[in-house]
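Only one chain comes next, encoded as structure tokens, the form predicted alone.
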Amino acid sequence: MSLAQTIELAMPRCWRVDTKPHKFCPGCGHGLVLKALGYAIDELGIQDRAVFGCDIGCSLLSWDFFNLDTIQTHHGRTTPVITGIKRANPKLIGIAYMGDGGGYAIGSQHLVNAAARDEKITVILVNNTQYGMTGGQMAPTTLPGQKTETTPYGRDPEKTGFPFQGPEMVAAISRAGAYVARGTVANFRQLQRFLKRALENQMAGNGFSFVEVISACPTNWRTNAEETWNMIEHVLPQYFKVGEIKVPGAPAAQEGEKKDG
């Protein structure tokens, strides 16, 4: 046995996720979200029965990231596609991966209906407050006053409303078995735990599972490293509270869960 093989076998199983380098912009949060998801899949040992669906937008760059059965859907249609796959074969673990545009804009009706029907799938939505792939236009999650390509003077809530609170909405309309959380790329271990719990909830057949992830887009935010980190660690959590919002069997939400060290 070679030294490389010996080291590989000695590694914890979660370090041996079969992936490859991502294609996202430098500083993008998608890579961290996908890494946390890969660790969760590997820890649960569900690679052979997981189906990964990704949306149009930046999220489509994940279509060949994992060694999983994968399908790339039309914009906003990932949730119903994964729902159909899960209904056709309930033994599979269905994962729908999308951005805030795909989940809260063109795909919002699918998210609402899947949550209301209590579909036994896991939806992961990456929130970077704008449409990343098309140049940084305003999205449902754009902050008040935030400048984008379509809000050059800052978003005006009087004209375009306030940032969309997706997990809070899903928690309100879903049934008791649903798992709903909001994580952040600023806390990787917590994020990995939330994603693992969302998958476990689906595996247990409890109900709909939904995790929003606060992420970064320094390319379209036009921020340097310090400004980017300040946005995801301090600014965005003021509007998007991090924590477990709905947990099966829990008497109340676990909002604002403390960060791991």
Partner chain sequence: MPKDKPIEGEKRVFMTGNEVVAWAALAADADIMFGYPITPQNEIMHYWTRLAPKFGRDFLQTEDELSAGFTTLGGVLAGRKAFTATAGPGNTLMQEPMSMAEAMRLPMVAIITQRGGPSTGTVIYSQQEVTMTTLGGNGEGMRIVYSTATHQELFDYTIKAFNAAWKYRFPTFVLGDGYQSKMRESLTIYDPAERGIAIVPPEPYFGKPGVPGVDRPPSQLRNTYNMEEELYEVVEHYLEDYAKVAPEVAEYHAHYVDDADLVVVAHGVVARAALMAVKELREDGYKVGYFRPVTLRPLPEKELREVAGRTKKFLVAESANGQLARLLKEGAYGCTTEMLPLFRPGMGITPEEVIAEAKKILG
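Every value quoted in this text rests on a predicted model; they were computed, and no experiment measured them. Residue numbers count along the first chain shown, from 1.
Keep in mind the form predicted together with its partner chain is missing from the figure; the text below concerns it.
**Q** Taking heavy atoms only, is residue 84 within 4.5 angstroms of its partner chain in the predicted bound form?
**A** Heavy-atom contact with its partner chain at 4.5 Å: present for residue 84.
**Q** So in the predicted bound form, does any heavy atom of residue 39 sit within 4.5 Å of its partner chain?
**A** No - in the predicted bound form, heavy atoms of residue 39 and its partner chain never come within 4.5 Å of each other.
**Q** Using heavy atoms and a 4.5 Å limit, would one call residue 226 a contact residue for its partner chain in the predicted bound form?
**A** Flag for residue 226 set to no.
**Q** Using a 4.5 angstroms cut-off on non-hydrogen atoms, would residue 119 count as touching its partner chain in the predicted bound form?
**A** Taking the distances in the predicted bound form, the answer for residue 119 is yes, it comes within 4.5 Å of its partner chain.
**Q** Would its partner chain be touched by all three of 174, 193 and 213 in the predicted bound form, meaning a heavy atom each within 4.5 Å?
**A** Looking in the predicted bound form, the three residues 174, 193 and 213 all stay beyond 4.5 Å of its partner chain (heavy atoms).
**Q** Though its partner chain is not shown, can you say which of 134, 150, 113, 160 has a heavy atom within 4.5 Å of it in the predicted bound form?
**A** Looking at 134, 150, 113, 160 one by one, just 113 meets the 4.5 Å heavy-atom criterion.
**Q** Could you tell me which of 205-213, 29-37, 63-71, 226-234 sits within 4.5 Å of its partner chain in the predicted bound form, going by non-hydrogen atoms?
**A** Heavy-atom contact with the partner occurs in 63-71.
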